[in-house]
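One chain follows as structure tokens, the form predicted on its own.
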């Protein structure tokens, strides 16, 4: 390797279903673009997912977490399989990685791509990004279920900036079975995700952030989020404007005019929902990339699931995973390489014959053929 070259170690969990197929194409295009900035990548793969769990009973051991934490970044394929009860792998792998490494930002861009049909009329083009708080809200896993009308559980967890302790003690006089889930938004958590949203808007050349909550129906949890976000913007980002829109209203407006928004700042639950809507509006999950970003290890994953019904058929669309590779390179300060991948994707989709595009976009190219074509454009 020449003097001044940069070497990066990337932890990889290819995961389940189509995960290994699309991650292989992401790696292929990252390697094709790396030489632009005299960089190289070492890939360290881990077997965790449905097959490994069914064989060994192991989900994600602490020893692997320690190793993964030493990497420059991480690529994750997809987690989930019908053979495993929903929630076991998602919480045990995906949410564990987000929480352990305090990946407090879930970044999900939605962008119109050439020759990719969208389901609603658009005057211009869709170019927005959901900045989703990624470690708090309802997704913290605090709660329980009771069949006798009595619930008493100890609440304990650690986050990047605090340790939570306490208890939940609820009794229904009728003895009716019920479930309770605790959501939490902290001032520090809302402030840091708001700063990231404002910095994202600045990088995009914009002066507005749209805050998406449900403060009218849940004023304690989401009114607090909205108030702290507004205070942070007004006190720390002079010139930056903010709007607050209820999540049901933003979904309505996005379907009617999806090109009208730029940066959408969301609590964890609403960010998950709104970003999937945005992905559908921009052409489908097969082109939706996502990043889980923190001050330490950051992880990049396509938004789509494991799609076990098409695994091994070659019909998987690797565009989202390829764009995740570009997002990862941008995070690693390889801006020219990231630009090269994104430009290559646009050129490929703009100029390739219909039959050489992904199946999801009404073409006939296999997953690996799509990756080859994008790499060739680079």
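Positions refer to the first chain, counted from 1. Because the structure is predicted, anything quoted here is derived from the model rather than measured.
Absent from the display: the form predicted in complex with 3-isopropylmalic acid (IPM). The rest refers to it.
- Shown alone here, residue 139 lies within 4.5 Å of 3-isopropylmalic acid (IPM) in the predicted bound form, counting heavy atoms only.
- Among heavy atoms of residue 95, some come within 4.5 Å of 3-isopropylmalic acid (IPM) in the predicted bound form.
- Contact check for residue 192: every heavy atom lies farther than 4.5 Å from 3-isopropylmalic acid (IPM) in the predicted bound form.
- At the 4.5 Å threshold, heavy atoms of residue 214 stay clear of 3-isopropylmalic acid (IPM) in the predicted bound form, well away from it.
- Contact here is defined as any heavy atom lying within 4.5 Å of 3-isopropylmalic acid (IPM) in the predicted bound form, and by that definition each of 90, 272 and 301 is a contact residue.
- Looking at 203-211, 115-123, 254-262, 95-103, the stretch with residues near 3-isopropylmalic acid (IPM) in the predicted bound form, meaning non-hydrogen atoms within 4.5 angstroms, turns out to be 95-103.
- Although 3-isopropylmalic acid (IPM) is not shown here, in the predicted bound form the stretch 108-133 places heavy atoms of 108, 132 within 4.5 Å of it, in sequence order.
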